[in-house]
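Just one chain follows, in the form predicted alone, and it is written as structure tokens.
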Amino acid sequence: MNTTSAGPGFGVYVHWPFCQSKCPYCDFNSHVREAIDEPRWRAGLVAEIGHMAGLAPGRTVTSIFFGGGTPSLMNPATVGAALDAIAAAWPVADGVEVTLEANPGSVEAGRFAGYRAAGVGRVSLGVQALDDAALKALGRRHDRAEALAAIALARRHFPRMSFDLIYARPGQSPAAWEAELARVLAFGTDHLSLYQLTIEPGTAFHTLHRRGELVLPVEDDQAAMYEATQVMTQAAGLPAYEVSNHARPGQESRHNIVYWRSGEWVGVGPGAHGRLNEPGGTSIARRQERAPETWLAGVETQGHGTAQTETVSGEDRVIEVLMMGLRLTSGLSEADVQRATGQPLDAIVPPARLAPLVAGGLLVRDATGLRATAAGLQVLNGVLARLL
């Protein structure tokens, strides 16, 4: 993964907000609807892509990501229409990364051939667990057998495949997680996203946790699971390249790296976020309307569903560049800091402020830039608090 001279690229994020049901841990912009007029939604996505092209001329698209919600509920024709609209709006790089998130249920998996024909080259499966009781507790609609079948099907249809797992679940021990992760690593996949369960405000899990009806593993067990994850993935040839993401060299998610390296992207669809950068360290943040029907009405009347535009500069920009860049194991390069903030690294983080964190073995400052050590990544929130 090159994080030195080459820029992070330019991405297009397309949000499909609909799900068959709402998972109790999820705080993403997802909604359940009995019926969807998909041709109308397809036209809305195409129209907003055209609007965004007018805001971001002169870019070359290096990554496209269909997220949600559940994008694998989309008809492949809708995916194809969005990809055609993107290709009509911007130059598209050779070898562009096109990712679609998918649930392992048999209905969605049956569409894989259609997505591949439309131009999707990478699928990200929301497996979350390989235990039926855990899947039920997480509110997932699929079981272990469906997950395994979807993994096998994805490997047949797509050149690249990733899947997500959640650990530190209620009642899970370090030994149980290690056994589950060992089964996963035996599949030989090229990319894994391994997330420690967090309790997000506004979710059903948050309510249960507040009542004491949902109890996470103790902190020592959570730390042991995190450490085991790093050791086991490294040994399997999938080292961490970001706090929660692991890949074989060359198989990192190029789209997510755009975010972590403070690059540029446009967000299309309900609740999508985008960023366009200006010279001198200023970034324009754009957020689309979250409510699906409100977004669609906006697109149909004015060509877009933008709810908010904000200029991010100065200290606010520095903070977010540090918060995002230090999630990468390769850290922040001098070039990325200069590109994103308009200032050299030593100007945004004076050496005197770094010294205690470097001496404590949490950060490394060298000729390539600034990065967290393995110990620093494990307590990154605390490191950032001290750094900022």
Partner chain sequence: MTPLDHIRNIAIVAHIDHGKSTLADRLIELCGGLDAREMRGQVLDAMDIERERGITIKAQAVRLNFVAANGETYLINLIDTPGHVDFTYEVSRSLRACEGAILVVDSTQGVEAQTVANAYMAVEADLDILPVVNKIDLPAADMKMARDAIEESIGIDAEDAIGVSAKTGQNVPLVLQAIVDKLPPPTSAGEDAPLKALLVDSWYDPYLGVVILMRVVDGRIRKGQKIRIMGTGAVRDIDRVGILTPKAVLVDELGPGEIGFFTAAIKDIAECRVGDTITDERNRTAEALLGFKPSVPVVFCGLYPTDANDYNDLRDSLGKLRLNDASFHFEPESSVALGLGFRCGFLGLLHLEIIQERLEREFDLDLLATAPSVVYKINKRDGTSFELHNPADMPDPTHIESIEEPWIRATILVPDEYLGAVLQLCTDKRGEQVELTYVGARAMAVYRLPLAEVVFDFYDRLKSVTRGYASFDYHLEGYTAGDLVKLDILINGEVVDGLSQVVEKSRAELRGRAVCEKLKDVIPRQLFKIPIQAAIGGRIVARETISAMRKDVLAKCYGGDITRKKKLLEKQKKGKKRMRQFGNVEIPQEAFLAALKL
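Residue numbers count along the first chain shown, from 1. None of these values were measured; they are calculated from a predicted model.
The protein also exists as the form predicted in complex with its partner chain; that form is not presented, and the subsequent description refers to it.
Each of E227, E315 and L357 places at least one heavy atom within 4.5 Å of its partner chain in the predicted bound form.
In the predicted bound form, its partner chain lies farther than 4.5 Å from every heavy atom of A307. R248 falls outside the set of residues with a heavy atom inside 4.5 Å of its partner chain in the predicted bound form. Within this chain, E334 is remote from the site of its partner chain in the predicted bound form, having no heavy atom within 4.5 Å. Interface membership of A385, defined by any non-hydrogen atom within 4.5 Å of its partner chain in the predicted bound form, is confirmed.
Judged by heavy atoms within 4.5 Å of its partner chain in the predicted bound form, the contact stretch among the candidates 71-79, 86-94, 251-259, 298-306 is 251-259. For the residues T294, S244, S173, T207, the 4.5 Å heavy atom test against its partner chain in the predicted bound form is passed only by S244. Checked against its partner chain in the predicted bound form, the candidates A47, M323, I36, A56 yield a single residue with a heavy atom inside 4.5 Å, and that residue is M323. Contacts to its partner chain in the predicted bound form (heavy atom within 4.5 Å) from stretch 258-289: Y259, W260, W265, H273, R275.
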